[in-house]
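In structure tokens, the next block holds one chain alone, the form predicted alone.
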Amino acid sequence: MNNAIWLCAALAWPVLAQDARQIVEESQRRGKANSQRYEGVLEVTGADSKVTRKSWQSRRLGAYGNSKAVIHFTAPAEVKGVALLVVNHPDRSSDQWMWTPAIGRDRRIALQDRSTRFFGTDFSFEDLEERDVDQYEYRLTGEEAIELAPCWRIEARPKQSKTSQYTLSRMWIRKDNYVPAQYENFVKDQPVRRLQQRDIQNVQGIWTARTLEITDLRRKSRTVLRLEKLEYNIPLKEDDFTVQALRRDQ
């Protein structure tokens, strides 16, 4: 790269970085809801093409990146009752606890275990937390269509204060409704997980992806999550988002 081109690129970098952050902020703003509830139907396809099906119920309360969420498995029988509490923080990694009825106890998910799969799905524990905009540095790297929808392509790298299994995340945010169409997460510049968001519908004024497909690129497995009975801004109680509530709800 000659000096003139390098200088132009260097001068453009702050503008691109700021634009990227604004796009992500707008995406989060448009998806803002005080609460959310849905029933999730999951289809997990292993590297051997074996398919298993699971169901869970999800509840969420609070502002993006500073919220609480609970996931309860409802089927099949061997996972029914397993629950995960995620307490998101704007300035650090989430706190997570999992309740396992088979052993009758809860356990805190350690940071070093966040990269492991969540109960046989292709979501890791970290994938189930919310990612506040201030925990990343952003760069706009171009434009690209995902399934014919024009998107901004943005790179996000975690700041030092953020503990993450991923060294880099790429996201494609649709220009028409600001819904992220795709994410790719990297470890040491190697892609390890891809999340595609489809079946985008307007639900109570919020454009929402009703189908999520996450692929573990190393395991060659994938999980499709379909959101059913989705509701926003419904009455929920703070008391339902505690470790004690995980035990009480069984």
Partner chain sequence: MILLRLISLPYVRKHLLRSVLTTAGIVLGVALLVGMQTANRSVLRAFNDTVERIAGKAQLQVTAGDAGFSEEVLERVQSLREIRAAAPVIEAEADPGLPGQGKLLILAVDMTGDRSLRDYDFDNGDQDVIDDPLIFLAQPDSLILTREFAGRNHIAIGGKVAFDTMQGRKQFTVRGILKAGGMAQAFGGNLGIMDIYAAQNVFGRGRHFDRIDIGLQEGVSLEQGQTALSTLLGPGFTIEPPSGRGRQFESLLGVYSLAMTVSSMFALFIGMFIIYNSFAIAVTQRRSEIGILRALGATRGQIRTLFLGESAVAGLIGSAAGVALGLVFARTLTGLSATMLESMFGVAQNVGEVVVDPGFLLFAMAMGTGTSIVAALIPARNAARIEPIQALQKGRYQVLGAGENRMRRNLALLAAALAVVCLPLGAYRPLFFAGFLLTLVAGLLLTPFLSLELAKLLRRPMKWLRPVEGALAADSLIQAPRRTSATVAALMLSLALVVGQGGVARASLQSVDEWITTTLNPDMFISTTENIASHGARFPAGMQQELESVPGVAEIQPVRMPRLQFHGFPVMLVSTELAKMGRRVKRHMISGDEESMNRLASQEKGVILSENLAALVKLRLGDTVELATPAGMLRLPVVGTIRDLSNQMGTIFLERSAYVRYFQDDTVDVFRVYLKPGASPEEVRGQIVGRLGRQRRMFVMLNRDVRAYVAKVMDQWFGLTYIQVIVAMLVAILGIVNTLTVSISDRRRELGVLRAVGGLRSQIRGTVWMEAAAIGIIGLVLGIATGAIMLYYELQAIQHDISGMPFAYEFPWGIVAMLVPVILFAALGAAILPAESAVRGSLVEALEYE
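It should be emphasised that the depicted structure is a prediction, and the values quoted were computed from it without experimental measurement. Positions refer to the first chain, counted from 1.
Same protein, other form: the form predicted in complex with its partner chain, not shown, and the subject of what follows.
Candidate site formed by K54, T100 and F119: every one of these residues places a non-hydrogen atom within 4.5 angstroms of its partner chain in the model of the complex.
In the model of the complex, at least one heavy atom of D48 sits within 4.5 Å of its partner chain.
A residue is said to contact a partner when one of its heavy atoms sits within 4.5 Å of a partner heavy atom; F73 meets this definition for its partner chain in the model of the complex.
E147 falls outside the set of residues with a heavy atom inside 4.5 Å of its partner chain in the model of the complex. Taking the partner from elsewhere, E143 is found to have every heavy atom lying beyond 4.5 Å of its partner chain in the model of the complex.
Out of the listed residues R37, R219, R198, R30, R219 is the one that sits within 4.5 Å of its partner chain in the model of the complex by at least one heavy atom. Contact with its partner chain in the model of the complex, judged by any heavy atom within 4.5 Å, is made by just one of C151, V86, V79, M171: V79. Comparing 105 to 113, 86 to 94, 132 to 140, 174 to 182 against its partner chain in the model of the complex, the single stretch with non-hydrogen atoms within 4.5 angstroms of it is 105 to 113.
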